[in-house]
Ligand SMILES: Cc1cc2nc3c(=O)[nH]c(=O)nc-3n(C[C@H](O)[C@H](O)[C@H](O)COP(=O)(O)O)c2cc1C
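Shown below, as structure tokens, is a lone chain in the form predicted alone; questions about how it binds or moves come after it.
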């Protein structure tokens, strides 16, 4: 039986974030699959605003994020949509992991983007900008299936657990597509 190791990052630093809760739902469903998909959610709260002056003495914690991305079979990136684009936390994460120039772990890395919002647009614009940055870094960004979740408050319980069965089915479909993409590259 194959094992699949994914890392995930939420671009929302907010306590009680629906993007982070959605990643936890991906992790729970991935662990329950017949061929286990381990989803490790990475913390990016500690990252200061990227400054190129750090390149000369690159922080070990930031390097640890790059190492986890490099070792993963695929990466899940959940971004909220702020002012019709990705969050500053997500952009900062992308900047940190793409520097210093020539050391980015993104080239050829399978990436699945997703997002959760209370509004009706479903993070489509934020994901488009995120994908644009990732394509510049030569990541293998998945175009399908798309994953835009809206109406968050009705889909999670008070503890942040996903309760919406339709969304769970979409997660299963996304995980199956990610697994197929990984299998095609092995």
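Numbering follows the first chain given and starts at 1. Keep in mind the model is a prediction, meaning the values are calculated, not measured.
From this point on, the text means the form predicted in complex with the named molecule, which you will not see here.
Shown alone, this chain has one stretch from 27-35, 42-50, 115-123, 59-67 that lies within 4.5 Å of the named molecule in the predicted bound form by heavy atoms: 115-123. None of the heavy atoms of residue 167 is located within 4.5 Å of the named molecule in the predicted bound form. Interface membership of residue 152, defined by any non-hydrogen atom within 4.5 Å of the named molecule in the predicted bound form, is confirmed. Along 68-92, residues 80, 81, 82, 83, 84 each place a heavy atom within 4.5 Å of the named molecule in the predicted bound form.
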